[in-house]
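Let's start with one chain on its own, the form predicted on its own, as structure tokens.
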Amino acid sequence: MPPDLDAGPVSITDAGGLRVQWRPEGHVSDYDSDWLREHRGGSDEGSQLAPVPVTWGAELSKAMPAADYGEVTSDHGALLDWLRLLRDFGIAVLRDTPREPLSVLTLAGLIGPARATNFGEHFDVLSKQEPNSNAYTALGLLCHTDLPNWERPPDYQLLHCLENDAEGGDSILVDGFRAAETLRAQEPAAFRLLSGTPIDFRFQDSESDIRFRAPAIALDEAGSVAEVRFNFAVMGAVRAPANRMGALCRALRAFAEVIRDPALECHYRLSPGELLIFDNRRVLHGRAAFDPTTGARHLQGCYVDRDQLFSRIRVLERAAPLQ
């Protein structure tokens, strides 16, 4: 492109678009009105897929966003509606899915290919004799996000229920966006510390040693909460200057208290054949303890990338009728 490039004659086309003739070469460019509206300066309306997430608390226990497997696999419109719910709420359920082992990978294909981690392409959530994670025990789990020790933690987590006859084991879910905003309102100094101070996260076993340092709360360019990393099970020793150590530890405790507020906890018991999927960089998940002597409990899980979800929605929207 010439260094002295400049817009020459400009006109409106019969179709309502913009025509520009560029100097000095005389090249002509046509821009239709929809493209101009989407890319107009001073607005990010066209670049954000979900500008305002729908936040929630305990009330979601009775109103979980959900759809039926048969509908979303036979109707692209129903699939699009379900994926939009997942995008906006950060969580959704798919009912009456096939219960064969490894069906979770096929179900992930509704969005995109599964993302492998150090736990493999998929993982089995059941009580094991020699677990390398508390998830593989019958213990209750405090609400947390998975793999904050990765530079980029997995985006969406899928949990497919194959069996759930044991007493206990109900899922507990917390909207990290609402929790972080609650902390900002109640403890602004703690919020500033957790959004501006990196924390060490580390997972290690006989085959892996994966670590990363990042704030517990990440903000986007507008100052809105964009990500939550919170998992005491893989948090390293707190590192901070001596004059900030006490305040940082109190801030972590304050955030933990908000996350454990019953008013923010959604409780949901998965039934065999149900798929639960949630945004792992937004939604914290845990479970009540269960008794493996009272029945089997077997979930299979995997992860998919947010880029795949947004891409799938955009492709489906191309064919969707205008609303």
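Note that residue numbering begins at 1 and tracks the sequence as displayed. The model shown is predicted, which means the values in this text are computed figures rather than measured ones.
The discussion below concerns the form predicted in complex with N-oxalylglycine, not included here.
Task: Any non-hydrogen atom of residue 87 within 4.5 angstroms of N-oxalylglycine in the predicted complex - done: No, no contact at 4.5 Å.
Open item on the list: Under a 4.5 Å heavy atom criterion, is residue 281 part of the interface with N-oxalylglycine in the predicted complex?
Closed with: No, residue 281 sits far enough from N-oxalylglycine in the predicted complex that none of its heavy atoms falls within 4.5 Å.
- [ ] Examine residue 146 and determine whether its closest non-hydrogen atom to N-oxalylglycine in the predicted complex is within 4.5 angstroms.
- [x] Taking the distances in the predicted complex, the answer for residue 146 is yes, it comes within 4.5 Å of N-oxalylglycine.
Open item on the list: At 4.5 Å between heavy atoms, is residue 304 in contact with N-oxalylglycine in the predicted complex?
Closed with: Contact with N-oxalylglycine, no.
Task: Among the candidates 166, 78, 214, 141, the residue which, in the predicted complex, approaches N-oxalylglycine to within 4.5 Å (heavy atoms) - done: Checked against the cut-off, the match is 141.
Task: The single option of 218, 125, 235, 240 touching N-oxalylglycine in the predicted complex, heavy atom within 4.5 Å - done: Exactly one listed residue reaches within 4.5 Å, namely 125.
Open item on the list: Quick check for you: of 284-292, 31-39, 56-64, 254-262, which stretch puts a non-hydrogen atom within 4.5 Å of N-oxalylglycine in the predicted complex?
Closed with: It is the stretch 284-292.
- [ ] Check, residue by residue, if 135, 157 and 297 all come within 4.5 Å of N-oxalylglycine in the predicted complex, counting heavy atoms only.
- [x] Spot residues vs N-oxalylglycine: full contact, yes.
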